[in-house]
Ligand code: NAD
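There is one chain below, alone, in structure tokens, taken in the form predicted alone.
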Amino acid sequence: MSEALQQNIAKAEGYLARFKDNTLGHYINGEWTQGSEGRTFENTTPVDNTSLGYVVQGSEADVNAACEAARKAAAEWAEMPGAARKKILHKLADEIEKRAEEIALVESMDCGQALRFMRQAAVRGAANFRFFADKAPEARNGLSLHQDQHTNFTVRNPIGPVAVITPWNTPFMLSTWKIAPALAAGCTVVHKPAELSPLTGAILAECAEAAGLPKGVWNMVNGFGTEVGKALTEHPAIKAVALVGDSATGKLIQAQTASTLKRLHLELGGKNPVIVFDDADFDRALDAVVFMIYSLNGQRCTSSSRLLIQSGIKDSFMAALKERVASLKVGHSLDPETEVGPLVHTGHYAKVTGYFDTAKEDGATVAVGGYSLRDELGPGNYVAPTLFVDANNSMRIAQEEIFGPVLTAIEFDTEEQAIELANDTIYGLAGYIWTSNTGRAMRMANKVEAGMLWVNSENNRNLPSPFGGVKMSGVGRDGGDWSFDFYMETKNVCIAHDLHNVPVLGR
């Protein structure tokens, strides 16, 4: 064990001690509470599956208390001037930055992501709050539409209390991505962190408290989707639900919200293609292909898990790719050298490793990896970065979201074949196109079915741009003003100039 890893473990243990020594509760109406029923569940670390402590298992009564707190606080928070909300949210970003090291170390231990990536979690989270804080004063702004006899103008008002349900893969950053625009818009929030990685959700709530958010504006309830999630999405006080999760969960939530006609933004799964043409910049494309599936353990919705490689470049590109995948450093999530950490949970580990046999059953070849690393690295959820070749798009490894460090390579000959393969999936979240032909890039961008496309780039984050998918990858968009469209109601006001003829009946 390196000295750097030993130091990181020691620091992490210091930050984690309070979670191990004290049951993590809910944050409701400005108070920490152990809930109504006293039930708990154990939270484990994927590095060795030992305990990180116990978490209160929320009940319907806990959800009701949080929703009522959000409802009572909604009017005051909505009426607060945008400039005042801006000041509070910037202070919240300050609090996040103060605790950046703690957030990174706790999150790496909680969800297994390599520390090299989690060091950016607090930076990106704070950036989310600062971006939307600066937009808070203009959140209500609408349009002015002038005609000869009438002037129409629009205004936006906060929709009210909203539910934010976040995933386990990059929990801190994704929580801020949803909560920051909701608060900037003037909405109150009930947050349900993922039960597999709940710890940084508590740190985020503490940062909100330290920033001076009024009681009830921010609430957090821990627990499972079957109970807490269901009660939250069905609660009449909640006016909108923002979810980041898998498509199966999205279907359930859509059904659960039907009776109350809640607004939904569902950011769901993907089976995203990265399409590499013969004329691509070889080295840049190779770097991007490796990064976009093997970083973050392959556990992110925009991972490019299908490589569509043109036949003219296939042999040389695949030879270089195999060498790179075989060289990836797998290890403890707190090791600065680690590039791929342990998978989040034993259940997810079993799912990912199950695809190693699935690939062989369907006729694919395991070119690199395809095995567990528990014998070498200990009792954590470690798997070898894996590359499947000799695959076709009908195979389960090409159609199903594996959500791990696993890439499936498929050969194509023509642009038309690439488009057909890219679109032959139930998903449509993201896509990546590598070519030096500008015309081809424009044609592909028009024809590939995805909510987001990157040309000659990895996933480059741009906060003002819309983020979301099509088909089974979700409903709605986040980012910039699109977020305000979701968290706010638009009202049209028509004012007559007293020039038009009013219809007359019964005079």
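In this text, residue numbers run from 1 along the sequence as written. Remember, predicted model here, so these are calculated numbers, not experimental data.
This next part talks about the form predicted in complex with nicotinamide-adenine-dinucleotide (NAD), which is not shown.
The stretch in contact with nicotinamide-adenine-dinucleotide (NAD) in the predicted bound form, judged by heavy atoms within 4.5 Å, is 161-169, chosen from 161-169, 308-316, 289-297, 370-378. Here the marked residues Ala194, Thr249 and Gln256 all reach nicotinamide-adenine-dinucleotide (NAD) in the predicted bound form, each with a heavy atom within 4.5 angstroms. Taking the partner from the other structure, nicotinamide-adenine-dinucleotide (NAD) in the predicted bound form has no heavy atom within 4.5 Å of any heavy atom of Gly125. With a 4.5 Å cutoff on heavy atoms, Glu107 does not count as touching nicotinamide-adenine-dinucleotide (NAD) in the predicted bound form; it lies far away.
Put simply, Phe153 is far from nicotinamide-adenine-dinucleotide (NAD) in the predicted bound form: not one heavy atom of it is within 4.5 Å. Contact between Phe224 and nicotinamide-adenine-dinucleotide (NAD) in the predicted bound form is found at the 4.5 Å heavy atom cutoff.
Listed residues Ala180, Ala114, Val274, Leu174 were compared with nicotinamide-adenine-dinucleotide (NAD) in the predicted bound form; Leu174 is the one with a heavy atom within 4.5 Å. The partner is absent here, but in the predicted bound form a heavy atom of Phe403, alone among Tyr355, Trp77, Tyr432, Phe403, sits within 4.5 Å of nicotinamide-adenine-dinucleotide (NAD). Contacts with nicotinamide-adenine-dinucleotide (NAD) in the predicted bound form, taken as any heavy atom within 4.5 Å, map within 230-247 to Lys230, Thr233, Leu243, Val244, Gly245, Asp246.
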